[in-house]
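Shown next as structure tokens: one chain only, the form predicted alone.
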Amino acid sequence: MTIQDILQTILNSLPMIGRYALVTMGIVLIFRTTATTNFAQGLIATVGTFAVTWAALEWTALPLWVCLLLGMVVAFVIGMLVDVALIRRARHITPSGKQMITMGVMMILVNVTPVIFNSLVIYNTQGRSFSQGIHQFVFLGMNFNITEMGLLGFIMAAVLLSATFAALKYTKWGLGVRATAANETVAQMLGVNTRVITAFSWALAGALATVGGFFTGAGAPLSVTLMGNAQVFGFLACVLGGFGSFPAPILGAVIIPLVYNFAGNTSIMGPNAGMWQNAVTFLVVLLLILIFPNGILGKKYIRKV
């Protein structure tokens, strides 16, 4: 395996890193503010992606970025409704009970989405809406390539994540999120409106994941299973990086796509690499979790008695 193969594999991983990082950020936002793992995250993003594509096909005069914003708004509203109508009313239920609620939302969206969009044959075909071009360039005398949609998706993910982390650190909302994540009861005593914080966190999680869903579905037929892998790998990224902070799971979202693409590289794994790609990825992640049970950047908390 040459240096060029290694660099090209890393380059091929960038679009997946961007998509998974957006989903992961949403998962950790919800977990840190409501102590709930949202099993409906992928389906909320899928509905938003369907809305983007519907708008692009129905309203052809609209620029694609406007359609993407509309889809993000749809997912934003769904995420907020889930918190306001369901999670907020179940605040005294056990964490596992809340997880079952999100699983119920997932099942509802699985069955409702095809009904809502059944009048459309939704295919993200090459044309006005989606670019299938390949960007080629030379670096250190070596030729590399990446799809234009993949590059755009990674850049957009980097911008959105940077803006989210900046908001977490420098805005009043970010201060409220960090206070709620540390201790919701104390945050309420200090005057933080935790209801607004949690509702916006759920809404933002849906909007961010929709961007990941949009770039996942670009150029391929859409279905309710669109974000299945992203959902699973998003949870794995949180466990691998550590749920204890906002940046830690993003590290997991970087490691997993790299492992996945190197495991699928025929130069390393042989001509049948694709058959073992998922198995090798899960095995490596499992070993890393066994080595770092609290996450790579996680901390071990000692309870005093």
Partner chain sequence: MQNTFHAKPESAIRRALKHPFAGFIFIGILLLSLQVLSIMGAGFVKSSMLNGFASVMVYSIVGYGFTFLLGYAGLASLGTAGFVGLGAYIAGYLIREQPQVPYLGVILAAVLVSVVLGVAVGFISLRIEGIFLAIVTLGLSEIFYQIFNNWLGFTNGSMGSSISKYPIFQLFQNPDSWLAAIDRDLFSKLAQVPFLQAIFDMKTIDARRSFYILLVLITVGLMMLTYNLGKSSTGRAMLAMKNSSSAAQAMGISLLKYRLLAFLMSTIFAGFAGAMFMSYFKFSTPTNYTIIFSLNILAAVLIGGSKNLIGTFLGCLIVFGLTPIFLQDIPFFRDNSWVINITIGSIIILIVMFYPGGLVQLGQRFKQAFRQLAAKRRLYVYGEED
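Given the structure is predicted, the values throughout are model-derived calculations rather than measurements. Numbering follows the first chain given and starts at 1.
There is another form of the same protein, the form predicted in complex with the partner chain; it is not shown, and what comes next is about it.
- Contact with the partner chain in the predicted bound form, defined as any heavy atom within 4.5 Å, is confined among 88 to 96, 73 to 81, 204 to 212, 156 to 164 to 88 to 96.
- At a distance of at most 4.5 angstroms from the partner chain in the predicted bound form, all three residues Phe31, Asn111 and Val239 contribute at least one non-hydrogen atom.
- The partner chain in the predicted bound form is not approached by Phe262, whose heavy atoms all lie more than 4.5 angstroms from it.
- In the predicted bound form, the partner chain sits beyond 4.5 Å of every heavy atom of Phe50.
- The shortest heavy atom separation between Leu151 and the partner chain in the predicted bound form exceeds 4.5 Å.
- With a 4.5 Å cutoff on heavy atoms, Asn278 counts as touching the partner chain in the predicted bound form.
- Only one of Met107, Val138, Met189, Ala182 comes within 4.5 Å of the partner chain in the predicted bound form through a heavy atom, and that residue is Met107.
- When you look in the predicted bound form, the only residue of Leu175, Val224, Ile146, Val232 with a non-hydrogen atom within 4.5 Å of the partner chain is Val232.
- Applying a 4.5 Å heavy atom cutoff to the partner chain in the predicted bound form picks out Phe31, Thr37, Phe39 from 24 to 43, in order along the sequence.
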